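Presented as structure tokens, the chain that follows is alone, the form predicted alone.
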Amino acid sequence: MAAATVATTLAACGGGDSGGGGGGGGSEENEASDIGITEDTIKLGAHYPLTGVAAPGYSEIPTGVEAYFDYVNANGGVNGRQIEFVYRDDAYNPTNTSQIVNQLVLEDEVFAIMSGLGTPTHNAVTDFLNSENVPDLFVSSGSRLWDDVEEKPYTFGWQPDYEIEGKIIGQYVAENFPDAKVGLFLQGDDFGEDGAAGARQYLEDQIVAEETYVPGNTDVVPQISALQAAGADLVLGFNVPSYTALSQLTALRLGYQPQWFYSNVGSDPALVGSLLARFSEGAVSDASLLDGVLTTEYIPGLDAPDNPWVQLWQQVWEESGQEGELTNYRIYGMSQAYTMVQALQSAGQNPTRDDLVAAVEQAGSEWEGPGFTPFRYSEDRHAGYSGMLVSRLQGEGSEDLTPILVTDNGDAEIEELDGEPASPPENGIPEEEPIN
């Protein structure tokens, strides 16, 4: 099994001062307050598919996390502690995930797990992490599984869950395409099921077909042919990027031209464009097939280069000295890392693992960051962002089609955000007050 271990410690940069990382007591001396915390360091762990079928795009997320932690470390860390970030490759295989998360917890002795990627992979380790009382923060998946305070008190989501995304998509289609015959193209797991459940709240009478695929089976001709045969002229896709490319190429071969609406997970133009070129062996050279595709957004990305958060992430990436260009996946990782720094600051100068969980529950809903909407964190809820907007892809950019919309699970109404998204602090580092 391939593994990558990265320590982002920059020992020469402000290690002894409270520094720009801020947050927390100030008058206390730093202590080794729990597993994974020393006077000078905080160790965090994560799992990602660095190799295998899910690696394109997703393997870039930890480089973004690492870049932002390096930036914070260079400005004094959090309460004078440097963040050490250790991440390992699970190749998107739940068996591997179990093995490497055991290693991260029992051998590496991390303070917390963050950003673990994937619904089937991360679900394989939540029981273990909760039984060990290890904070399991900001899972890289929109499954509703992470919002289960009774069974998983140490686990928290981060991105909007797929059900509320489905609701926002469903309402938009019902209002703007009331006569459309809607087909669903779904990944055959919680991802597809949750997205479809949200969309069906608004589109039950418009849906004419539902087709699922099994990840790993790259032949989607039966599914796309069935949607075409059913007369679906608008297709909602809750699928990963490789299946956006596969569905587009299959539809092209079949002469099928519905209006496509892909969920946020499957709609990154740069990645899908590269997959289109690879899968078509050069017959399709870019993401032009995606022009006019509808999707959703909940954090600013490369299509908004003038956004102050994107400008901050560009600066952070350039200062990191890592190879490659800034991507939306690296922006995702930086955004999660920003939230993690807020959590560490809110937990106080010498936090325990339980302090970290309490900090997210008590302060998380008030944190301002790159996300368009507030988090839904509380002692009763561990759900992430509360909404998004609908946009249309155009070339390398996108056009916003709705205001920012917020909602919750079930029959909660969809409403416009009251207020404006936050701007980053001048130095790019949050300053949260400790909860105690």
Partner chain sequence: MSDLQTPASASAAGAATSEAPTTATAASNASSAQATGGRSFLPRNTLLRHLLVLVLCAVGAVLLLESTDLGFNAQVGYVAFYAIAAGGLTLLTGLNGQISLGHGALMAVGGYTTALLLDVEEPLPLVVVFLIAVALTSVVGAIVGVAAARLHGPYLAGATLALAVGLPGLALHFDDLLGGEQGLTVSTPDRPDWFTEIIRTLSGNPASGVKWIAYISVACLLVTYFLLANLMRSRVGRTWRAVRDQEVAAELSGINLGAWRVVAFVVSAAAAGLAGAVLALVVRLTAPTAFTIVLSLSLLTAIVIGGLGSLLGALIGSALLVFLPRLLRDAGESLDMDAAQAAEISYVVYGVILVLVMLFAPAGLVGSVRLALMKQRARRAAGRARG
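Positions refer to the first chain, counted from 1. Only a predicted model underlies this, so the values are computations on that prediction, with no experimental measurement involved.
We do not show the form predicted together with its partner chain, though everything after this point is about it.
Between its partner chain and the residues Gly80, Pro308, Gly273, Pro94, the one pair within 4.5 Å by heavy atoms in the model of the complex involves Pro94.
Here is the short version: of Tyr243, Trp260, Tyr87, Phe111, the single residue with a heavy atom within 4.5 Å of its partner chain in the model of the complex is Tyr87. For the chain shown alone, Gly231 is not a contact residue for its partner chain in the model of the complex, no non-hydrogen atom being within 4.5 angstroms. Although the partner is absent from this view, Gly292 stays clear of its partner chain in the model of the complex, with no non-hydrogen atom inside 4.5 angstroms.
In the model of the complex, its partner chain stays beyond 4.5 Å of every heavy atom belonging to Pro153. When its partner chain is considered in the model of the complex, Ile100 lines it closely, a heavy atom lying within 4.5 Å.
The three marked residues, Pro120, Glu193 and Pro215, each reach its partner chain in the model of the complex, with a heavy atom inside 4.5 Å.
Across the options 361-369, 184-192, 294-302, 168-176, residues that bring heavy atoms within 4.5 Å of its partner chain in the model of the complex belong to 184-192. Residues of 116-142 placing a heavy atom within 4.5 Å of its partner chain in the model of the complex, in sequence order: Thr119, Pro120, Asn123, Ala124, Asp127, Phe128, Ser131, Glu132.
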